[in-house]
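Let's start with one chain on its own, the form predicted alone, as structure tokens.
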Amino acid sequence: MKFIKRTDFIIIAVILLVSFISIGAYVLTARDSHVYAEIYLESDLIKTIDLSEGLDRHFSIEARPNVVFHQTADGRIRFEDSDCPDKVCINAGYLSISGQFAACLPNGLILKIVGGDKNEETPDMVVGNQGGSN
């Protein structure tokens, strides 16, 4: 008696194929031509950075000079250095796709990637039922 049958391998292969196609479609559709990085300090938006500018720089914010960010010319950003004890923010790596985020909780900083038209009238998130009844 075999533990795994041929049909099990086929089912696993189909599941993996659908998973990889879904991830690929998400990555391709989530890449916006105009991507911004938002830096929040204690839940307040303090800086918005246009990642499509093509700049390669290291910078920090005035309120937390011990936290250093690195923006690359190819439209990515990350926490470069921090004085926090666990370094989870640094280990998050580079962010470039709309919806990604990293946080340095001991310093109260959140780095969030947003895409599309960046203005005050564009909602961050839509929650609810459209036109349906409960």
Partner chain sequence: MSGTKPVDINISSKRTKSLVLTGLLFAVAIVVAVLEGMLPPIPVPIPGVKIGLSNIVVMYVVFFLGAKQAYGIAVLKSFFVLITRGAIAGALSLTGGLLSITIMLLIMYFTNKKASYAITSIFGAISHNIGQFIVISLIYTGTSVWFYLPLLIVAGVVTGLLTAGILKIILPALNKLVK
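Quick caveat, the model's predicted, so the values are computed rather than measured. Positions refer to the first chain, counted from 1.
Below, we refer to the form predicted in complex with its partner chain, which is not included among the displayed structures.
- The contact residue chosen from A73, L45, A92, A63 relative to its partner chain in the predicted bound form is A92, the criterion being a non-hydrogen atom within 4.5 angstroms.
- Taking non-hydrogen atoms only, G54 never approaches its partner chain to within 4.5 angstroms in the predicted bound form.
- The closest non-hydrogen atom of Y26 lies within 4.5 Å of its partner chain in the predicted bound form.
- Looking at D81, you'd find every heavy atom of it more than 4.5 angstroms from its partner chain in the predicted bound form.
- Contact check for I97: a heavy atom falls within 4.5 Å of its partner chain in the predicted bound form.
- Contacts to its partner chain in the predicted bound form (heavy atom within 4.5 Å) from stretch 53-88: D86, V88.
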